[in-house]
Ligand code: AMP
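In the block that follows, a single chain appears as structure tokens, in the form predicted alone.
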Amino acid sequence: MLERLRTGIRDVADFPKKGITFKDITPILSDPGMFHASIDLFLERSRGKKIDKIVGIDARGFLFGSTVAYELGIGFVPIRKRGKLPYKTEIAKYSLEYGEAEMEMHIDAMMAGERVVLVDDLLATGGTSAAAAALISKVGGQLLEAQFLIELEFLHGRKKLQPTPVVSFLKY
């Protein structure tokens, strides 16, 4: 199934800026079998663990994370780009391979000590995921694991998440 999923990832040159090759997952999302299989990867990894919440990163992490949370019968927490959440938030700055940004999470998104798993589509340089991990820590959550459909290993993003265990299903 991993090889079938790999065929569903489209490379888009020079997006969002020149020199970047974007890994586009929309073909996976539009194919019911591949979308189901991708969700199953996250579910198989998460079932049987004591998880209180799934945290998803704006925006593709919402697609995978909310579905996984629904299937596990637990809560979902969105982490968004700054200025998109309506209530009081914690903020974390981070660097991307093509610029800088800020992420935010509601201050009451989880209770202290809740066990969470971070879910997103792609791990690249690790800046976004490290910011998400910092937000989880700021509100008292316990990050058990970070899970990604795709990892660009040559960018060494998992180093920014240490000591959190990182799982990725498709590696480039």
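In case it trips you up, residue 1 is the first one in the sequence shown, and so on. Keep in mind that this is a model prediction, so the values were computed, not measured.
What follows is about the form predicted together with adenosine monophosphate, which we do not show.
The stretch that touches adenosine monophosphate in the model of the complex, counting heavy atoms within 4.5 Å, is 22-30, out of 66-74, 40-48, 22-30, 106-114.
Remark: Leu143 does not count among the residues lining adenosine monophosphate in the model of the complex, judged by a heavy atom distance of 4.5 Å or less. In the model of the complex, adenosine monophosphate stays beyond 4.5 Å of every heavy atom belonging to Lys53. Put simply, Leu123 is close to adenosine monophosphate in the model of the complex: some heavy atom of it is within 4.5 Å. Contact check for Thr128: a heavy atom falls within 4.5 Å of adenosine monophosphate in the model of the complex. Residue Leu152 is the only one in 151-170 with at least one heavy atom within 4.5 Å of adenosine monophosphate in the model of the complex.
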